[in-house]
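As structure tokens, one chain now follows by itself in the form predicted on its own.
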């Protein structure tokens, strides 16, 4: 436990001292929420649009942080030889990975709290009725996207292309999944693509809790799809993750 806490503290210090990383991973979803909250007003399906924005931007933030932030961090550290050097120290590999995941969890929990507070203070967004469901839903989504982030880190070949690959995945996925607005007017072929994306189900889960007052267990099928995506990501990570830089 002492080694884990020490490594967690080190990861947090490295993260917050890296301004580019902090802006992309932590601050970007928050700024996007403020921008969309200023641009879009009125109601949607009888509820203030800002309530939808709080829910969908929390979902996007978790995906951006747990998937994108984790993948970029691990790829850069692998290609710089940092992971290889860590493997030569007494620090167990499992402890290092657990601390890296916990550090990402801390970041998106702070991010989620920031969006919730800004939504309430700036736009008078409604609080969710079931905080337990919110916590459990964020936990399920975070676990799924962390596993997918590990898989992405295993598959991305270079640190130079890591950010580009992550953005090419996350931004279109968020758009198709309803993270930036309703998708009901999308063409059928785009909706069929959205139907297989993990973020679609996470957005549905979070919006159901925030906007419709649903409990987490009201959508077992949605949870099952997220768990399945997480298992797929974990399986790829276990099979393909490497600690040494790629040679070509």
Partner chain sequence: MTAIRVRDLRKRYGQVEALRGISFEIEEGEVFGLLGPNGAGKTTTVEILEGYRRRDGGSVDVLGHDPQRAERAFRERIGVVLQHSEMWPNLTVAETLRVFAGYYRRSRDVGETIALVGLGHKRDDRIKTLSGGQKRRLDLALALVGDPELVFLDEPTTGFDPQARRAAWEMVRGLRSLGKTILLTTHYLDEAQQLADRLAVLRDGEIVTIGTPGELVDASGPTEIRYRLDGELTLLRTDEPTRALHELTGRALTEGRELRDLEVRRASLEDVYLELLREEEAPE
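Numbering follows the first chain given and starts at 1. Quick caveat, the model's predicted, so the values are computed rather than measured.
Keep in mind that the form predicted together with the partner chain is missing from the display, and what follows is about it.
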property	result
Proximity to the partner chain in the predicted complex, single hit among 82, 135, 117, 168 (heavy atom within 4.5 Å)	82
Among 137 to 145, 160 to 168, 82 to 90, 107 to 115, the region lying within 4.5 Å of the partner chain in the predicted complex by heavy atom distance	82 to 90
is_contact(residue 5, the partner chain) in the predicted complex, heavy atom dist at most 4.5 Å	no
Partner contact for residue 239 in the predicted complex: the partner chain, 4.5 angstroms, heavy atom	no
Proximity of residue 228 to the partner chain in the predicted complex, heavy atoms at 4.5 Å	no
Proximity of residue 13 to the partner chain in the predicted complex, heavy atoms at 4.5 Å	yes
Within 15 to 34, the residues that have a heavy atom no more than 4.5 Å from the partner chain in the predicted complex	17, 18
